[in-house]
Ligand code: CMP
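In structure tokens, one chain follows: the form predicted on its own.
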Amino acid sequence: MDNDVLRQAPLFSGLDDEAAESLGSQMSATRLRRGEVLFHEGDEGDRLYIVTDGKIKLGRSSADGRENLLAILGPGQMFGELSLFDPGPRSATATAVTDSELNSLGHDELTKWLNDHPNVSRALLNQLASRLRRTNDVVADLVFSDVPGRVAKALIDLSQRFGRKADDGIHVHHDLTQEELAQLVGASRETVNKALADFAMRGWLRLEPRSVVIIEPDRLAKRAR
């Protein structure tokens, strides 16, 4: 278990080393291969998950089979907390984008900590508030922003979490297919590819398989507004 990564998760915010170590020792480890599904939308569940290695995507499907990606999560990020407060079907499908490692905590174990450690409760409330704020931002983007703007914003967000600075720019290994990237911004693959090609032609970025090198992050950030 990577304690340094676990300490990045909101669940551990405010805990001292002894409490964090104790909470971490109660968690169960799970490994997923790329493309493996952890749980499906509609499944029953009562566990919270923290990504310790790799990337996990959360997505929903419409009745006609269309898919929408809600989020791409990396090390230190957590998901599944809704089922702890509102037991019921999972609201999304969780799938490994890459080979991944997770640690999870069940409802019974967490309930004990919520009673004895108010910092944990506050951290979870902050997580839920952040999720609501992100949902509001996504809705606003779909209404007010065009596809190139949403693509630029998604790339900036991915670069902040998965980017690595180098002499030639920010290397962002997002590990997403073109279709997945389109699902993330809520547009067709053709429209997203056109936006990416335009950014590349302007010299703002360089496209590579399942990754991108951002050469002009300021220009891309301005286009995202």
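Being a predicted model, the structure only gives us computed values, none of them experimental. The numbering used is simple: start at 1 and walk along the sequence shown.
Another form exists, predicted in complex with ligand CMP; not displayed. Remarks below refer to it.
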{"property": "Region of this chain that lies against ligand CMP in the predicted complex, out of 118-126, 97-105, 71-79, 151-159 [heavy atom, 4.5 Å]", "result": "71-79"}
{"property": "Close approach of S91 to ligand CMP in the predicted complex, 4.5 Å, heavy atom", "result": "yes"}
{"property": "Ligand CMP contact in the predicted complex: L58, any heavy atom under 4.5 Å", "result": "yes"}
{"property": "Proximity of T135 to ligand CMP in the predicted complex, heavy atoms at 4.5 Å", "result": "yes"}
{"property": "Non-hydrogen atom within 4.5 Å of ligand CMP in the predicted complex for each of F12, T52 and K112", "result": "no"}
{"property": "Those residues of 116-133 which, in the predicted complex, come within 4.5 Å of ligand CMP by heavy atom", "result": "R131"}
